[in-house]
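What follows is one chain in C-alpha cells, specifically the form predicted on its own.
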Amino acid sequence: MSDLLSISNLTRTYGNKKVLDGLDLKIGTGKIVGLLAPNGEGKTTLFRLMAGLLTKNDGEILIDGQEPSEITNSYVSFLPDHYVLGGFHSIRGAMKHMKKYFSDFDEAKALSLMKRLKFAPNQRLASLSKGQKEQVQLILFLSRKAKLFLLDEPLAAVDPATRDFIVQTILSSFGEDNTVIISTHVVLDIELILDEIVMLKNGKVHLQGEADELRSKYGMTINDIFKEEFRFVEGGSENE
C-alpha cells in the first residue's frame, strides 16, 4: 500500500531558527495518528505546510502523490488551532461556505452533529461562547469526506463533556479510506484512540511507531512515554 503522506528532508525556518530541520515522515491510510510534541516544536508549522498555507525552504511534501495545492485542498481538511469563522453571520452561512468550496462537505452529517449539541442553523455565531464557536468549527471541518484530516490541538481548553464529544466525532469521521492526524501536547485525552504515534523534537521525527508496539516496548503508556521523552521541556507558546 502506498503512503498517503510522504515527507522528505522538509525544512522550514523563521529567521535564523530552523523549526523543521530535514524532517522525514511517511504515514499510510486508515490510521488515527497522534502528532505529539510540546508547544514550539513545529506541529502547527508542519500542518500549515501540508495545508499549503506556508512555503517550505527545502524538501518535499506529497499527499496522495501530490504537492500541497488546490488539488490536495479538495481532499485535505485542516482544522486550525484558532477560530476562523469570524466572517460569517450565522451557522447556516458558514455551512453554505463549506458546501460551496468543498464538494465533499456532508451537510446532513453537519446538521446531525449540530443537533446533538443543540445548535440551530440560524444561530448567530457572535452570540456563541468561545467554546461553542470551537465546537461549531470542529463539526464543519469534520463533516467533510476527506482523505486526510489535520486537527491542530482540537482538545485544547475544552471541558470534559466537549472533549468526549470531539473524540466521538473524530471516530465517526474516520474510516479505512482516510487518515486523521491529531496534533496535541495533551496526550492522555486521546491516547486510547491512536493507532500510530509521531513525536517531534528539534525539528525532526524523534519517535514513530504503532501505539501498541510502543507501549509493549517501553512498558508504559504513550502519555508516560511522552513525559519521559520530554521531561526537561517546559511549557511555552507555540510560536511557529
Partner chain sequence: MSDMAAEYKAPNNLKTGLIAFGDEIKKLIVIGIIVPLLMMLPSIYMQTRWVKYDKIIDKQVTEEYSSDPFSDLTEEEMDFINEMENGSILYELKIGVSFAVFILWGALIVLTVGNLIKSFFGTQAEMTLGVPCKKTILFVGKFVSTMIVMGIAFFLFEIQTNLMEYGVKFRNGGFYKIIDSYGKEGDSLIKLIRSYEPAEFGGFVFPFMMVMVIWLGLAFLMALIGKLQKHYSSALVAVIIVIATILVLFVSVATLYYGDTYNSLLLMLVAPVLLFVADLLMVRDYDRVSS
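Numbering follows the first chain given and starts at 1. Just so we're clear, the structure is a prediction, and the values are computed from it rather than from any experiment.
Absent from the display: the form predicted in complex with its partner chain. The rest refers to it.
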Can all three of K43, K133 and L138 be found with a heavy atom no more than 4.5 Å from its partner chain in the model of the complex?
no
Looking in the model of the complex, any heavy atom of N223 within 4.5 Å of its partner chain?
no
Would you check, heavy atoms only and a 4.5 Å threshold, whether D212 touches its partner chain in the model of the complex?
no
Interface membership of P160, its partner chain in the model of the complex, 4.5 Å heavy atom rule:
no
Looking in the model of the complex, any heavy atom of G219 within 4.5 Å of its partner chain?
no
From the candidate stretches 180 to 188, 26 to 34, 202 to 210, 62 to 70, select the single one in contact with its partner chain in the model of the complex, where contact means a heavy atom within 4.5 Å.
62 to 70
Exactly one of S90, Q168, S112, S74 has a non-hydrogen atom within 4.5 Å of its partner chain in the model of the complex; which residue is it?
S74
Within 4.5 Å of its partner chain in the model of the complex, heavy atoms considered, which of R124, H97, K145, R116?
H97
If you look in the model of the complex, which residues in 44 to 62 sit within 4.5 Å of its partner chain (heavy atoms)?
R48, G52, L53, L54, T55, K56, N57, L62
